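What follows is a single chain, given as structure tokens, in the form predicted alone.
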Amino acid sequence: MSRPELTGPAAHFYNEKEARKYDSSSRMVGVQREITERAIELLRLDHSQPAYVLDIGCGSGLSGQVLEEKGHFWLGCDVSRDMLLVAQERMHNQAENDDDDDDDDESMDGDSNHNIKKQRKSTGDLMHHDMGTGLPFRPATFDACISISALQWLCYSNSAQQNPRRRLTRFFSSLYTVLKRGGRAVLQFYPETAEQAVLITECATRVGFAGGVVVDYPNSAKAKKHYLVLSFDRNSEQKRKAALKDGLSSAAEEQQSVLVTGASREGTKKAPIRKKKGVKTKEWIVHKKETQRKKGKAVRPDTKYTARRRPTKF
């Protein structure tokens, strides 16, 4: 089976037929739920209080439904309008079912019943947007971000104006802006090659993110899942640099103590002199002068001072 990314843009692939098929497949629903739960686990959210989560490539709202069950608010964006229509229908049907369940519950008084109805309504919003053009939100809007099976679409160009590296950089740069400091992003994706995974990671770290790729079931061809876990936590990097600095300073102190005791440096090798770019060698100058002579031009004779470097600048 060929990859859907090779057939064209995601907005064209996920038309009304594919969107209905995607949402009605019990296997796909189960896989999406499993991946979303794993992504939420990697987010390490405090489930005692609700968080505002951005769902990039939300599709038919399957991942958003899991976020609602965990008690979080979410906003989903997707490039396919047909997928968003299916997600809107899902949210509407879910609200109607919740209202019916509340009407059947006669053991509670009117006020508490009204509060439960208010709580059970959908906590998500939908937005039509292409993540490759950047995220159009205010800085520090979201507590966290998830993305399920969408990031790999940015590695493919469907027109001469689309450049995968630029689109990835624009996306990660805007994601870095809209996330609150201390927040996390977990982006699950399916790279076609190892080069795509490297490209995605490089673009994420270049804009300032810390983190890496977590691979579940690495030895399985079908069950393997890649999760790009991003955060603003640079403590580990700072600790590594501090440890490296301490190691270099201790090594320098040891070397200095050895030199003080009278160790000789006569046997040490000098670093080779690297030729600066643009500096002409003697062979090149002699060859150039010989060529000029063959052309009949007046050239000064070769001496021992030819191509000799001056000790000081004028």
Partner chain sequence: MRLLTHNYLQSNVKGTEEGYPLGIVPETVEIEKSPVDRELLLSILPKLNYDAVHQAVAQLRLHCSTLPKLPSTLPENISNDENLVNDLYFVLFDVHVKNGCLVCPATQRKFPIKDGIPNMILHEDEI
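Remember, it's a predicted structure, so these values are computed and weren't measured experimentally. Residue numbers count along the first chain shown, from 1.
The next section is about a form of this same protein that is not shown, the form predicted together with its partner chain.
Report yes if all three of 129, 136 and 170 come within 4.5 Å of its partner chain in the model of the complex by some heavy atom, otherwise no.
-> Every listed residue reaches its partner chain in the model of the complex, so yes.
Within 4.5 Å of its partner chain in the model of the complex, heavy atoms considered, which of 73, 190, 156, 232?
-> Flagged contact: 73.
Have a look at 81, 224, 206, 181 for me and say which one sits with a heavy atom within 4.5 Å of its partner chain in the model of the complex.
-> Of the candidates 81, 224, 206, 181, 81 is the one lying within 4.5 Å of its partner chain in the model of the complex.
Name the stretch, out of 50-58, 22-30, 35-43, 280-288, where some heavy atom lies within 4.5 Å of its partner chain in the model of the complex.
-> Of the stretches listed, the one contacting the partner is 50-58.
Report whether the minimum heavy atom distance between residue 161 and its partner chain in the model of the complex is within 4.5 Å.
-> Yes - in the model of the complex, heavy atoms of residue 161 and its partner chain come within 4.5 Å of each other.
Using the partner position in the model of the complex, report whether residue 124 sits within 4.5 Å of its partner chain, counting heavy atoms only.
-> Residue 124 belongs to the contact set for its partner chain.
May I ask you to state whether residue 199 is within 4.5 Å of its partner chain in the model of the complex, using heavy atom distances?
-> Flag for residue 199 set to no.
Mark residue 94 yes when one of its heavy atoms lies within 4.5 Å of a heavy atom of its partner chain in the model of the complex, and no otherwise.
-> Output for residue 94 is no: heavy atoms all beyond 4.5 Å of its partner chain.
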